[in-house]
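In the block that follows, a single chain appears as structure tokens, in the form predicted alone.
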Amino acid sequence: MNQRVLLIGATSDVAKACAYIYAEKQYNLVLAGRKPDELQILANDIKIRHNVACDYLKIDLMDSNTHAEAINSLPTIPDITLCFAGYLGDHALAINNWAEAERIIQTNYTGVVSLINLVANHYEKQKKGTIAILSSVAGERGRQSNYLYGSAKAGLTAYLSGLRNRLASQGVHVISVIPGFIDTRMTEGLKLPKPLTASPHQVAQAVFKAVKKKKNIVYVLWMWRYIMLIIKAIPEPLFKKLKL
């Protein structure tokens, strides 16, 4: 029987690329997100192209009260759970607008944790399963230009570390994916340095390989590991004078 993969945030550019990679390898899919019309179109295309089962599930990260019902509605919890949900948001707006700040925090941290807690508890009972989630280099040190987004991703990275530590002895594998810049709709209009920017397909391939090889922490572009080591090593008195 083919393994099943749950993709959360399935209408994102990276999730779509990953869905087609898994479908090509004959995995069955469940696409989760808050836009059922887009999910249905994507699911139909995947089924036609690759002859695999591809269902879809409405999930809104901003509405934690609905998460248990959504997860429990699945006939079985898929073998692999991938989360690509993210919202960069408008940092300047969020400084003075709590609704925008809350959306950044909930989409990137609270909502993801609410959902993944449910999946993780199922996997723990089954003593098997794999969880891989996109975090961000922004979570490795707060910067004035995006510290609300970065703080949510920092929380997510710490959560994944703790979850990995908790579930390793239970046969459940947890992967933190740190992609760096990605050329997607979310970053459209931003001036991103090409050598430090991955395509959605590169990130999707990195996720697929990380799951197969049971990696723990993955930097999609290798140079980001060393860039962040340098940034984290800058003394605070100097760091607070930088315009980052």
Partner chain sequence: MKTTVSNWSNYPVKDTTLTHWRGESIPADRKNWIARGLGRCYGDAALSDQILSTVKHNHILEFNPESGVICCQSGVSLHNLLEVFVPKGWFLPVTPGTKFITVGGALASDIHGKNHHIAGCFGDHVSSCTLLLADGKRIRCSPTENSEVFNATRGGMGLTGMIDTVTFQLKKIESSYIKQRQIKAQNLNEVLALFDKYKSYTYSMAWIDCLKGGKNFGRSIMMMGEHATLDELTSKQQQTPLISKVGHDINMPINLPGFVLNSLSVKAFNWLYFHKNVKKVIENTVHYDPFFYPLDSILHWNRMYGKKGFVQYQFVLPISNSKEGLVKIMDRIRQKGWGSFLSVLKLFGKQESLISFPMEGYTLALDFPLKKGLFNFLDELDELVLDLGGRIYLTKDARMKADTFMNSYPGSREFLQILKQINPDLTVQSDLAKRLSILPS
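Residue numbers count along the first chain shown, from 1. Worth saying up front: this structure is predicted, and the values here are computed from it rather than measured.
From this point on, the text means the form predicted together with the partner chain, which you will not see here.
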Please tell me which of T66, N216, S199, N51 lies within 4.5 Å of the partner chain in the model of the complex, judged by heavy atoms. N51
Can you pick the one in V30, I178, L42, V211 that has a heavy atom within 4.5 Å of the partner chain in the model of the complex? L42
Partner proximity in the model of the complex: K58 to the partner chain, non-hydrogen atom cutoff 4.5 Å: no
Could you confirm whether Y20 comes within 4.5 Å of the partner chain in the model of the complex, counting heavy atoms only? yes
Counting only non-hydrogen atoms and a 4.5 Å cut-off, give the residues of 160 to 181 close to the partner chain in the model of the complex. none
